[in-house]
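Here you get one chain, nothing else, as structure tokens; it is the form predicted on its own.
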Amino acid sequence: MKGLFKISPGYEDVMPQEYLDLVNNGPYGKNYGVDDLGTFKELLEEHPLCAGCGLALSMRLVLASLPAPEDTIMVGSTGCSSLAFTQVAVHNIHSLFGNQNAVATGLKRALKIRFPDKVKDVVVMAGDGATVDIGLDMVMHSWFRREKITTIMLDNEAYANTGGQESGMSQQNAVLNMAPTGKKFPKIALPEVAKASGCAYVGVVSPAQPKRLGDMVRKAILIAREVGPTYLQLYSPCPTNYKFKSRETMQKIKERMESGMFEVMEYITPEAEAFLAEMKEGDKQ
């Protein structure tokens, strides 16, 4: 698959330098991690997401943490993240709003048939609107069926790319462009839903903890390979719709952690724990 990711002969001279760097210096075939950010190209710098966007940083950290980027296919959905998916150094598919887990299910099954002796990781990465609101039925049913895919929600607490409507993940009483009197019900506890729905691994973290985020991404994907579905929630509030300065994103996340509005958590089943321990022992040997 690495050989497929290249520029067609004759087009090198007309492609932007950024894209040439993406192809030539992407993560394929390398064992990169969060500590290596800046030494390779995982996302074009001039992506269309807002300055200071925690979602954009979360995407970068996820891309830097994939165990096998050359054997990974990301499935995205309509939302802010879809604007940047065309500019990442990994194979990806854009699905219709909300059906990303259904697309990922079919893709994972097809790859298993096509490559029976090769692990192909399928990772869903979508916003809170696609994951917990419009796509919740397909997300939960992929968990009920124990599909071996990883679902990552980019939790920016709003329908950010369509004007700032409230989502199920908006904080209660949050005032937004299209929620002028404040949201009337609490933030949906999707991690608890994921646990009850059969996920072998569930985590909540933010880009303010990059190393822990990277570690949790790798765990989620590795466990999904052998044990069952995994879910990761990346807290990245939207500066544009929550009206704070872009440079304050990490500060806002830390303030919300201190106030109890957001907490890092990790849940793992005994079966998944045993799998990780076995894998670690194998690496030692």
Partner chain sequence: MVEQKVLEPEKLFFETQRTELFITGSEVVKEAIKRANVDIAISYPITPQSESMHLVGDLYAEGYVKEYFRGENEFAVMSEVMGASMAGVRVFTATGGPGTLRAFENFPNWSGSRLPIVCAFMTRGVNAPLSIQPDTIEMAFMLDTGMIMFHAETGQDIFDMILKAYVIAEKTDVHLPIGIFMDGFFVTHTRDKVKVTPEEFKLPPYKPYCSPIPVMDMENVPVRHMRDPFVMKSNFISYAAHASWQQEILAAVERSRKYIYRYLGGMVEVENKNADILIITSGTAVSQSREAIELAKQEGIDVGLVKIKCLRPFPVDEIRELAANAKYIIVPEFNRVGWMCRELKSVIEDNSKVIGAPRVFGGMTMPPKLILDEIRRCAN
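Residue numbers count along the first chain shown, from 1. Rigid core: the largest C-alpha set superposing within 1.5 Å between the two forms. None of the values given here were measured: they were computed from a predicted structure.
What comes next is about the form predicted in complex with the partner chain, which is not displayed.
- Proximity of E45, V88 and R145 to the partner chain in the predicted complex is complete: all three residues have a non-hydrogen atom within 4.5 angstroms.
- From the list 202-210, 183-191, 152-160, 118-126, the contact stretch for the partner chain in the predicted complex under a 4.5 Å heavy atom rule is 118-126.
- At a distance threshold of 4.5 angstroms between non-hydrogen atoms, P239 is out of contact with the partner chain in the predicted complex.
- Contact check for T105: a heavy atom falls within 4.5 Å of the partner chain in the predicted complex.
- For the chain shown alone, G26 is not a contact residue for the partner chain in the predicted complex, no non-hydrogen atom being within 4.5 angstroms.
- Using a 4.5 Å cutoff between non-hydrogen atoms, Q165 does not count as a contact of the partner chain in the predicted complex.
- Checking S82, Q171, S197, N177 for any heavy atom within 4.5 Å of the partner chain in the predicted complex turns up a single hit: S82.
- For the stretch 132-163, the set of residues having any non-hydrogen atom within 4.5 angstroms of the partner chain in the predicted complex comprises D137, M138, H141, R145, in sequence order.
- Relative to the superposed rigid core, the position of the CA of L20 differs between this form and the one not shown by 2 Å or more.
- In summary, the C-alpha positions of A126 and V23 diverge in the predicted complex, ending up at least 3 angstroms farther from each other than in this conformation.
- Whereas the shown form places them at one spacing, the Cα atoms of L107 and L44 lie at least 3 Å closer in the predicted complex.
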